[in-house]
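Okay, so here's just one chain, in structure tokens, the form predicted on its own.
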Amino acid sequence: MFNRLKKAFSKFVESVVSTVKEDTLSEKDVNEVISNLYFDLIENDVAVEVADAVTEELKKRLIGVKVPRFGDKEAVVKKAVLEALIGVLSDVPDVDFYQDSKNRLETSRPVTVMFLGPNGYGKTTTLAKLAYHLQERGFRVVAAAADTFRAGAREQLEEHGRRVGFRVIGGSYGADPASVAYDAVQHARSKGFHYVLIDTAGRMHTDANLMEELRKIQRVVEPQYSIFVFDAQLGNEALEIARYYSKYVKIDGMIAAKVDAYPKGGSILTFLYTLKRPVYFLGVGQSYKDLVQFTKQEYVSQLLT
């Protein structure tokens, strides 16, 4: 994963090492190679404001760093780059969704998870993947088919439910989505389910009716987690849509879908830095098993391996 962004950082580290002429990295040493990295970041879906922040942080961390004359210069530079990237993301929390939601179950059952995002981003499939993993951990899951306007939306979710083994609560075509979500929560509460996963509509995001529909679901159900699912391949286009959503509805965290088909890697860095919300999971394949937990440390470390 993220091969292109990894290559950009690898090239940067090599360039810094080959530029070093003294025991200490000078401003001239760093500036000579930082501009190339900047353009590589932009080419790999890192937004301009994020590329600015990364390169500025790198300058702070690298200029004046002591470099062994005969030792492992690369290790010293990599450490500084790692610390710079972690520094840029310092105000973005890491959240272990499984542990965090398990803690919530002790005081609030069921835990309700609302999925947000445009059609085609992988929202419904991601919901089914999370249902699979929660059931593997011994939890009982029910889903709400709260996309009541798109033809086939309920049937799509029900097919996932049949394959994975979770029940779907739905309404008639055109029913009030908030009522469907509410009914699912009440059903879960009465039957002792642990989690309610709410699938929502994702038609054109600038549709004011859609935003009001999503806001109503949040008012009625008060989900503990509202998760924006974004297609990692769409880069800054997906970011602008997420920003639009965040003006109208609460976003607690994110899931990056289709990461297995995304060699660039920069959109994840951009989403973290810009929205200041945790990424809970990465979708890394077609199987229901292909949902992996995300941490900033692991992501940054991967970029430097």
Partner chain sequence: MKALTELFSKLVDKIRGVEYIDEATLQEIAREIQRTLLKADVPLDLVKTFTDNAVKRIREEKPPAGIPPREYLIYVLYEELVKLMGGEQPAEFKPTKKPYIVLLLGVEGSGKTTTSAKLARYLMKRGYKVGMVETDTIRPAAFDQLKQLAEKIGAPFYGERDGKDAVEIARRGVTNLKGVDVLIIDTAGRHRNEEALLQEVKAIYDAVNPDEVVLVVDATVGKLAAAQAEAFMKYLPIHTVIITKMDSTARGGGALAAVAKTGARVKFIGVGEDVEELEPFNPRKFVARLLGMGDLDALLEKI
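All of these numbers come straight from a predicted model, not from anything done at the bench. Numbering follows the first chain given and starts at 1.
Below, we turn to the form predicted in complex with its partner chain, even though it does not appear here.
Novice: Check H160 for me: does it contact its partner chain in the model of the complex (non-hydrogen atoms, 4.5 angstroms)?
Specialist: Within the cut-off, so yes.
Novice: If we define contact as a non-hydrogen atom of the residue within 4.5 angstroms of the partner, is P223 a contact of its partner chain in the model of the complex?
Specialist: It does not: once its partner chain is placed as it appears in the model of the complex, P223 has no heavy atom within 4.5 Å of it.
Novice: Hey, in the model of the complex, does Y262 get a heavy atom within 4.5 angstroms of its partner chain?
Specialist: Flag for Y262 set to yes.
Novice: In the model of the complex, does A151 have a heavy atom within 4.5 Å of its partner chain?
Specialist: A151 belongs to the contact set for its partner chain.
Novice: Name the single residue among Q297, Q286, S18, T24 that comes within 4.5 Å of its partner chain in the model of the complex, judging by heavy atoms.
Specialist: The option sitting close enough to the partner is Q286.
Novice: Which listed residue (D91, E136, E106, E155) meets the criterion of a heavy atom within 4.5 Å of its partner chain in the model of the complex?
Specialist: Filtering the options by heavy-atom distance leaves E155.
Novice: In the model of the complex, which of 236 to 244, 56 to 64, 249 to 257, 273 to 281 comes within 4.5 Å of its partner chain (heavy atoms)?
Specialist: Single hit among the candidates: 236 to 244.
Novice: Need the contact residues for 44 to 63: heavy atom within 4.5 Å of its partner chain in the model of the complex, sequence order, or none if there are none.
Specialist: Sequence-ordered list: D45, V48, E49, D52.
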